[in-house]
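A lone chain, given as structure tokens: the form predicted on its own.
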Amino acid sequence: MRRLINRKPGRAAALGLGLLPFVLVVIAYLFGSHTRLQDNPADKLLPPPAVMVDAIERLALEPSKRSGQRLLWADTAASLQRLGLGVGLSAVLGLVFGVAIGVVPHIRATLGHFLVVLSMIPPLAVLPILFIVFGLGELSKVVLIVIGVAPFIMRDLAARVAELPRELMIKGQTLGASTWQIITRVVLPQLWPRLIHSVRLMLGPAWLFLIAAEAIAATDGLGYRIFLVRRYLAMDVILPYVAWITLLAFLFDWLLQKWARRAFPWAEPAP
């Protein structure tokens, strides 16, 4: 008897099973929207798809009367700039300090416990402090993402360095390699795929911190727009913006995954 854990769906079955949850969510939404609108035609909680399409077409194609910008693309550009800076700086800091903590015992003894404590600070709790120290401009939003993301990348990479076979380090030293050479020729080649993996895992929290910062203090951005229109119960704008953010996050994750598979195929698990 073939056990359930050993049964794998075929390609077509896997595609169908993967699409099934999305189809069920869409059906449930359409049913809920139809039911609510029958009870109250003025209901705004679950707008029909046609209303949401009209709202997005207006935001994406028609210039704003106030700023002259197409709001969807202006908000997207502002948010992606903040997200890119925050995640990019976090990746650089995570790599530098992760390698240093993992390789050099004195640095590990000095910063190891401090990094653990730092990673336990709720980033949103220090957001008011960031606004006081750095103001309400772009810097405070980028710093919030760095505070929320970088410590976890550092810890993850430091742990990966600790997992490297000790024999690699010993062989490098036996052949006369310096600490810098061991880092560049032994450690870093093993860490690049792990860095991409860590960034992928932290994209979700990075978006969370970005949306929170934009909701509190911003004049543009996807999070700003969502919290601006909530006072009008504009679900025809909020729901498409949430879907757009989700699509962007999925796209970035997919691109990083493809990059990792192409650049470091040896690091990918066997199918």
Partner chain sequence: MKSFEVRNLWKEYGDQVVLERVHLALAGNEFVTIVGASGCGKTTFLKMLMGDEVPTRGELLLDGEPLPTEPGPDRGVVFQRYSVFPHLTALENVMLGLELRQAPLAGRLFGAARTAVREQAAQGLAAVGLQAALDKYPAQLSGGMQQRLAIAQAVIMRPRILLLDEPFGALDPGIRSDMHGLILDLWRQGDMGVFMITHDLHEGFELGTRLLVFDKVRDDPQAPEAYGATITFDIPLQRRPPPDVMEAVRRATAPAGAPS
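What you see is a predicted model; the values in this text were computed from it and never measured. Numbering follows the first chain given and starts at 1.
As for the form predicted in complex with the partner chain, it is not shown, yet the points below apply to it.
- When contacts are judged by a 4.5 Å heavy atom cut-off, residue 110 does not count as touching the partner chain in the predicted bound form.
- When contacts are judged by a 4.5 Å heavy atom cut-off, residue 189 counts as touching the partner chain in the predicted bound form.
- Using a 4.5 Å cutoff between non-hydrogen atoms, residue 73 does not count as a contact of the partner chain in the predicted bound form.
- When the partner chain is considered in the predicted bound form, residue 106 lies well away from it, no heavy atom lying within 4.5 Å.
- Here the chain stands by itself, but in the predicted bound form one stretch of 150-158, 168-176, 91-99, 117-125, 168-176, has heavy atoms within 4.5 Å of the partner chain.
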